[in-house]
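A lone chain, given as structure tokens: the form predicted alone.
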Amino acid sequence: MRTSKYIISLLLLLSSLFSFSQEEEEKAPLEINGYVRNYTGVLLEPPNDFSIIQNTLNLEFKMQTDKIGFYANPFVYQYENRANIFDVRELYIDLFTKKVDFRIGRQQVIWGQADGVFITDIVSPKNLTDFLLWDFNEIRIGVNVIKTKYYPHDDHEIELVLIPSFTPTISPEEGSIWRPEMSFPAPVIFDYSKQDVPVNLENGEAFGRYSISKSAFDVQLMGGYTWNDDPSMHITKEIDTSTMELSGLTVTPEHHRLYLSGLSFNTDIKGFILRGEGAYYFDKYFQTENPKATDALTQKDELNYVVGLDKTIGDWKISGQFIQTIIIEYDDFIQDDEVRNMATLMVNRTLFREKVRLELFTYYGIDNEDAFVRLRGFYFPKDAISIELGGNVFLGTTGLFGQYYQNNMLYAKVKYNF
């Protein structure tokens, strides 16, 4: 049903685009571009199974005048060993005035200054089917949005985002190498009766952002009334009355409301780009082992922030980040650590008149001494063709990255743009 709705919407939009193009051909010619890509990965652990075999067709339709614009981005993922996917990443209309712009329809909303992590960039939910291996424009899920931008002055901007229906994170499927293992101390029954959030006005989401852009710095202040994209696990214990021992558990996944505020900034300091962002979450749910907790959950505030420093030296680009998450008014029963620390490092260099680009990007989990290291090289033999060869290496045996220590792989992508 969902795919059918997108197909109908896409056909209606394309019909409007062609009609609009015929009426104002010189003002708004229809632009059609996209790419085809093969993405193949193989695991390094015997028996060296293919981690992914994906063929992609990505299309973009764009038309714009001074007052109105259209954009559509349908795509197809064709797989060898899983169900094929046809979807529409973005499908919206733009309306432009002197002081106010409107964008209505399915779209990605990208906020923040961080690379590879989501701090204030939380408006669009995530597709984690293959963990963090996809490009971030593919990880972000397009959602139905009414977005308004108001420009009170040349260097000030106010942005309001209304999302009428909630979209959760897409998690890896059962049996996927990217699905984390869950262990429980007793037999478990999952009750999914509360997992879906009903579609109605009361369950919508709202975000706001105020931006100042000066020659010396950029600053953004934001706030949100949203849902946690990942469900909390309410746990009901069953006790054997004859032995008074735990005999079973009922786990009920449920999404909860979140309130947050945040800021982001960047500035140039003697050739170095200093940037950062932070978000403060109010009354976020955490799993707890407190025996007094009726459903194994407790609510605490949480602070999440990142500080980064970038430098370009000739053909070299170097970027480092420190990321920290702090649970406020922590208690020792909470399963997550009170303070979690992570760092990232990115180094890339272009060679041979930008025909070749080499890149290293590393996530390092400081507390668990685990890491995700991505090495990749790009070759651009022609303007429309790119070849990417790379490797994904997971170090450690515990933590966010160490749990995937058996998923080390080599991969290749061949892409043709048109």
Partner chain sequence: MKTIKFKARVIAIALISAFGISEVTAQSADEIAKKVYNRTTAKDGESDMTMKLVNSKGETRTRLIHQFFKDYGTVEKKTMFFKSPADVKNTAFMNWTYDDDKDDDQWLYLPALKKVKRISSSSKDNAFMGSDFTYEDMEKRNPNKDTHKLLRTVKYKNETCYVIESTPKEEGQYAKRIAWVIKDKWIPLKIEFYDEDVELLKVLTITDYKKIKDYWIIVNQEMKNVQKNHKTIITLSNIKVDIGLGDTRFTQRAMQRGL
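Numbering follows the first chain given and starts at 1. Keep in mind it's a predicted model, so treat the numbers as computed, not measured.
Heads up, the form predicted together with its partner chain isn't pictured, but that's what we're talking about next.
Although the partner is absent here, residue 45 sits far enough away that none of its heavy atoms falls within 4.5 Å of its partner chain in the predicted complex. Contact annotation: residue 349 falls outside 4.5 Å of its partner chain in the predicted complex, judged by heavy atom distances. Though the partner is left out of this view, residue 288 does not reach within 4.5 Å of its partner chain in the predicted complex, counting heavy atoms only.
Though the partner is left out of this view, residue 245 does not reach within 4.5 Å of its partner chain in the predicted complex, counting heavy atoms only. Of the listed positions (218, 295, 331, 238), a single one reaches within 4.5 angstroms of its partner chain by any non-hydrogen atom in the predicted complex, namely 218. None of 198, 187, 175, 314 but one reaches within 4.5 angstroms of its partner chain in the predicted complex through a heavy atom, and that residue is 314. The candidate stretches are 188 to 196, 227 to 235, 297 to 305, 90 to 98, and the one lying within 4.5 Å of its partner chain in the predicted complex by heavy atoms is 90 to 98.
Contacts between 61 to 85 and its partner chain, taken as any heavy atom within 4.5 Å in the predicted complex, involve 62, 64, 65, 66.
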